[in-house]
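Take a look at this single chain, the form predicted on its own, given in structure tokens.
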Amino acid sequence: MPIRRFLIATLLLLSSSHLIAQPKKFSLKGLFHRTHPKPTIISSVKTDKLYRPSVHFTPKAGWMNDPNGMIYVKGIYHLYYQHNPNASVWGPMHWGHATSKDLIHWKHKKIALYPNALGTIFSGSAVIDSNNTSGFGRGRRAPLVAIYTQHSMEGEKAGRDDFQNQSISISLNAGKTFKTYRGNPVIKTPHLRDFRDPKVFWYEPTSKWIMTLAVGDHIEFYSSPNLRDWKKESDIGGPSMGVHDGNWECPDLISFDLAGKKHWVLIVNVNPGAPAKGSGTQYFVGDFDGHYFTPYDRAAKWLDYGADNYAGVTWNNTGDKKILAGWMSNWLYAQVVPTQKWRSGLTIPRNLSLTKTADTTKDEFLVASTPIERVEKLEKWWGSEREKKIKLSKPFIIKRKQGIAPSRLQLHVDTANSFEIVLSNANKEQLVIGYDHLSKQYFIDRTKAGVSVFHPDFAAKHTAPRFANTKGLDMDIILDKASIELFADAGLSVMTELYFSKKPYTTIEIRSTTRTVVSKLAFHPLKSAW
């Protein structure tokens, strides 16, 4: 059977089941570009308790993928996100909504954007139009404008090439509710099937709004004086730049001041093609003049080398501080992980910084990621700050009968020798994190971590290169009920991974076969953010 007919037949079967509550609105986004395994049903009572994160955002129910429209307004961080409220698998996309004062404690809000006659609501961004360039403001109320892709299911099913267009909606109450702009779409596709995910910011030197847009295998840049009328400025990408195993998606363009010069970072998500297979986030450092982005290097660098951080973009309106969060899953298996009431969540929000690393051949710019400082609010005192040296001639063990997640483990190793941190339980399930000094790589091994039968690529060992040249190394690990995030060497090497153990891990064992010394160690159980 031809693949297109097979996929359509599969969708018709799904739409007739209880999994999809509104089959007439079901969107086909990406199904001809991604592999979506058949959804499975697993007991929601057990998995809700065992796998529901304690310190990460998840929807109350239903499906979540890309974070959208992230913006800081009047002391509140807004998170909008790709959401199917009718099932725990991908479906008719809405913008779900949540707010937070500290990026840790979240409040669920009403759905912000619903599908309409122009299509379902795909990924995008939001801006505060402080100068009322759009004319949408009223009195002193600056409009908050959401910019997003609308996807016509009927257009895609008909085989047309004009089913993705860019639309806007306006909020005059700081992002609580939106009204759709009557002049939508504001950018019509030039007959391209993949034309989506606008990220917008104000560029002061030209007094214009700049939009980055994912278009197949490249990124297009648009400018506008008023958020309504857009002009294409340039494009960049193609086979000679970065990874192209799949389509480019969810771009973001941000800047950093380093040593008296402004440098720009173009973030580009791609699926598949990531180091750990499937979905991942690459980036390029370069210059931007309001019209053209010029990369210093056309080779891909990666924000995260783990399997489960995708569609990462930054919050708007945070000044010089750049805070990123991603969808904590992977299109390889996102729809079949062992949860039912909800699927997917958000990574811990991360501070981004730009560093310049000198080696023997060239100067290299790297983006570092570290957990936001507010994670410390959740830390409980364990009496764990240890100034005396821990020699790993024998394993160092931490045990907690009630389970070690959620928690934070921070350590400094004096010499970059090989060592492992083994998380385990009475079922002999184990998740192993460590460093291999021969390959100069960090790793996370989830081959024996728990449930993995839902996808053949899940049980795997993944690695991340070490970029730091220091004698010793540092690790900062955030462990939740079904996820682990590793930030090594001040965030130069980062990995995010899901796991699904049948019972909570109760033991941490730090071990090494070499003369490894841990000079600092802190273990902090974390209070639930919910």
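All values reported here derive from a predicted model rather than from experimental measurement. Numbering starts at 1 and runs along the sequence shown.
We do not show the form predicted together with beta-D-fructofuranose, though everything after this point is about it.
Engineer: Contact between residue 80 and beta-D-fructofuranose in the predicted complex at 4.5 Å, heavy atoms?
Structural biologist: Close contact is absent here: in the predicted complex, residue 80 is far from beta-D-fructofuranose, nothing within 4.5 Å, heavy atoms only.
Engineer: Would residue 65 count as a contact of beta-D-fructofuranose in the predicted complex, using a 4.5 angstroms cut-off between non-hydrogen atoms?
Structural biologist: Yes, residue 65 sits close enough to beta-D-fructofuranose in the predicted complex that at least one of its heavy atoms falls within 4.5 Å.
Engineer: Within 4.5 Å, heavy atoms only: does residue 220 come near beta-D-fructofuranose in the predicted complex?
Structural biologist: The answer is no: residue 220 has no heavy atom within 4.5 Å of beta-D-fructofuranose.
Engineer: Hey, in the predicted complex, does residue 328 get a heavy atom within 4.5 angstroms of beta-D-fructofuranose?
Structural biologist: No, residue 328 sits far enough from beta-D-fructofuranose in the predicted complex that none of its heavy atoms falls within 4.5 Å.
Engineer: Heavy atoms within 4.5 Å of beta-D-fructofuranose in the predicted complex: which of the stretches 85-93, 129-137, 233-241, 104-112 has them?
Structural biologist: Contact criterion met by 85-93 only.
Engineer: Need the contact residues for 182-201: heavy atom within 4.5 Å of beta-D-fructofuranose in the predicted complex, sequence order, or none if there are none.
Structural biologist: The stretch touches the partner through 196, 197.
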